[in-house]
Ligand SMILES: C[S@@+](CC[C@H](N)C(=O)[O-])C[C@H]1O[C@@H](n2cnc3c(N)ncnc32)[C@H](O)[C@@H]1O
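For reference, the chain that follows is the form predicted on its own, supplied as structure tokens.
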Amino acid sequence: MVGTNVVDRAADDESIAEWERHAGWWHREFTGGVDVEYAEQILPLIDASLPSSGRVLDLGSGDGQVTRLATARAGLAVGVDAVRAQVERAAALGGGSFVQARLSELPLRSASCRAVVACLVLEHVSDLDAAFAEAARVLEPDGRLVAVINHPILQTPGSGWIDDQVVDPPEQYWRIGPYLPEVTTVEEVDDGVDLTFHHRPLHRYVNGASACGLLLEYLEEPAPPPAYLERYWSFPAADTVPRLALLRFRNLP
């Protein structure tokens, strides 16, 4: 079993405490079909990448919506989350088995899962390499890791939509800040909701997984769904900037 060092554990403790405080916000804003991006894009993307049988492990399972999806698809799914409030909420809703544990210390046997899903969680994990190592350990040979992340161009500090009314004609474009440096930030994602994010360039995910024997076999950078664009991003070129990236890795035998 792979463990984190003292510094990483302390960083994870703070992140876990943040999520304990804000679990209710997550349940209100992102589950049960409330969030159009989850309902129209994230869950369908994951569903298309799940196997039809075998155990599926949902890392950072939250209230369990991906776990329930995997249970319906493959018949057997386990959700793991380090946040007690999330595990309790998921267990109450059912649709799978749920356990509280760190992603770097998974309480599962080696080679016991056909697939592992990490949905919008890796950017909150301080020790990315330990998480990849544990995912590779619990995967069967030729098993798959499906990772959905906020696209790194979105998490680059200083990035965002620019509405430039000085030029003629006016222009709207996405500004990218310092993309290559790995940076940890605390962001206010809603009123009174501060969460830690670890910005990493896309190659960091690919190379980190590769070092653990996980081969990238598919990458998708989808355009935001129409309902999201209509509600939040009204700029004409907004459908050319991906909010998400899906990476599917295969565990080399």
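Please read these numbers as outputs of a predicted model, since none were measured by experiment. Numbers for residues come from their place in the sequence shown, where the first is 1.
We do not show the form predicted together with the named molecule, though everything after this point is about it.
- By the 4.5 Å heavy atom rule, the three marked residues I16, L59 and Q65 all count as contacting the named molecule in the predicted complex.
- Using a 4.5 angstroms threshold between heavy atoms, E134 stays clear of the named molecule in the predicted complex.
- The closest non-hydrogen atom of I176 lies beyond 4.5 Å of the named molecule in the predicted complex.
- Contact annotation: V83 falls within 4.5 Å of the named molecule in the predicted complex, judged by heavy atom distances.
- When contacts are judged by a 4.5 Å heavy atom cut-off, Y228 does not count as touching the named molecule in the predicted complex.
- Residue-level contacts in the predicted complex: of V138, L154, A130, L120, one residue has a heavy atom within 4.5 Å of the named molecule, and it is L120.
- Note on the partner interface in the predicted complex: the residue among A101, A91, V183, A72 having a heavy atom within 4.5 angstroms of the named molecule is A101.
- Residues of just one listed stretch (120-128, 160-168, 139-147, 107-115) have heavy atoms within 4.5 Å of the named molecule in the predicted complex: 120-128.
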